[in-house]
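Taking the form predicted alone, here's one chain by itself in structure tokens.
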Amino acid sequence: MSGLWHNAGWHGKAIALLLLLAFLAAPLVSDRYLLSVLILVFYFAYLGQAWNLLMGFAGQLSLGHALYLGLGAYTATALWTLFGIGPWIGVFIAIPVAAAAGMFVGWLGWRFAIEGVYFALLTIAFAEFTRIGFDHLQITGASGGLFLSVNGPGADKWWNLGGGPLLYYYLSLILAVGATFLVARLRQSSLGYRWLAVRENPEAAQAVGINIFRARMIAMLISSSMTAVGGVFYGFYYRNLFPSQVFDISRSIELILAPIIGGLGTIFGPVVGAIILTPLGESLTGLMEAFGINAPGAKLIFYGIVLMIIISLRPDGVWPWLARHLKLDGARK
């Protein structure tokens, strides 16, 4: 990250600091609705970084990341609901649960040379299988959903993530900034260069001694673990979970759009993509509610249209083009 900061130039550093200060001060001038939109921006930026690490850096297409999101969410919320174990402890149990699932999917796919679109189908299959399983798992409410009580002992305390939107705002901001720093550090590490070599030419990478299977498994381990943390945030922020929503393929698609629109394989692409896409989607939802229109799939159709426009105009994503115009050449990738 230090190299990225050094190469950004004075104007790049000034823009970054001004944006960070603006986000830190935003709750002072924002109403509750704007605060909720910003929370979603940071949330999708964080999840976009997690997925981008696997696809953008290691070149492995996953369309089933809702699996790790759902496992993280259900593990932490079930621990709180059934045993009173708070989220700050539950997250350290949710991470290995989701990571184990990710490692199994990765091992099954890469050990048997399942590549490309077939690996993507494998990830979808595991997410769907888990969704069906949780639809019949009575201990977590089955298809009827799992609901977090807001009136139980300690449920309103910040250490149980029971605070108001301000708590979730700063927590989501910390997650987004922390993920960006982590991804930037990994990108410039020897591991990051091995990922890029595996992504660009696996045969050549193997020929120079890179263990392709190990590099991919590490990427899956980190990506699924990060996604599980996002799942814990999701569960306690919305305070209800339904298998048909949290494990659905539409959830996986939703979290991969920001890095694709912002710039796949770049450090700041997921952040820029989330800043562009999330307010547009929420504005569409608000307009539909104002006019009394009930069209559940309208947001996904809208996302698809935006995606087609961006791919047509900026195939590499918005961030490389934006960085070039802001003369941030050192931070373009």
Partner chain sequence: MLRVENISVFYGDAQALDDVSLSVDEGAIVAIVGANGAGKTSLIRTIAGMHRPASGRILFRDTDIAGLSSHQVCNLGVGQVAEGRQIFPSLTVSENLDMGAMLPRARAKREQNRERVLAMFPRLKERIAQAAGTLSGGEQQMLAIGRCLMGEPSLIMFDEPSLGLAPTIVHDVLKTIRDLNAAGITCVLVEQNVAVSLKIASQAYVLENGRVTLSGTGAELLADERVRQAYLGI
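Numbering follows the first chain given and starts at 1. This is a predicted model, so every value here is computed, not measured.
There is another form of this protein, the form predicted in complex with the partner chain, and it is not shown here; the text below is about that form.
Requested in this report: Sort through V117, A204, L82, A100 and report the residue having a heavy atom within 4.5 Å of the partner chain in the model of the complex.
Outcome: The option sitting close enough to the partner is A204.
**Report entry** in the model of the complex, the residue from L182, A197, L167, I218 that sits within 4.5 Å of the partner chain by heavy atoms
**Finding:** Only one listed residue qualifies here, and that residue is A197.
Query raised in the report: Counting only heavy atoms and a 4.5 Å cutoff, which of 188-196, 228-236, 90-98, 168-176 contacts the partner chain in the model of the complex?
Result: Residues of 188-196 come within 4.5 Å of the partner.
Requested in this report: Indicate whether the partner chain has at least one heavy atom within 4.5 Å of a heavy atom of I139 in the model of the complex.
Outcome: No.
Query raised in the report: Does at least one non-hydrogen atom of A113 fall within 4.5 angstroms of the partner chain in the model of the complex?
Result: Close contact is absent here: in the model of the complex, A113 is far from the partner chain, nothing within 4.5 Å, heavy atoms only.
**Report entry** N211, heavy atom within 4.5 angstroms of the partner chain in the model of the complex
**Finding:** Because a heavy atom of N211 falls inside 4.5 Å of the partner chain in the model of the complex, the answer is yes.
Report task. Between 265-294 and the partner chain in the model of the complex, list the residues on our side with a heavy atom within 4.5 Å. Result -> The stretch does not touch the partner at all.
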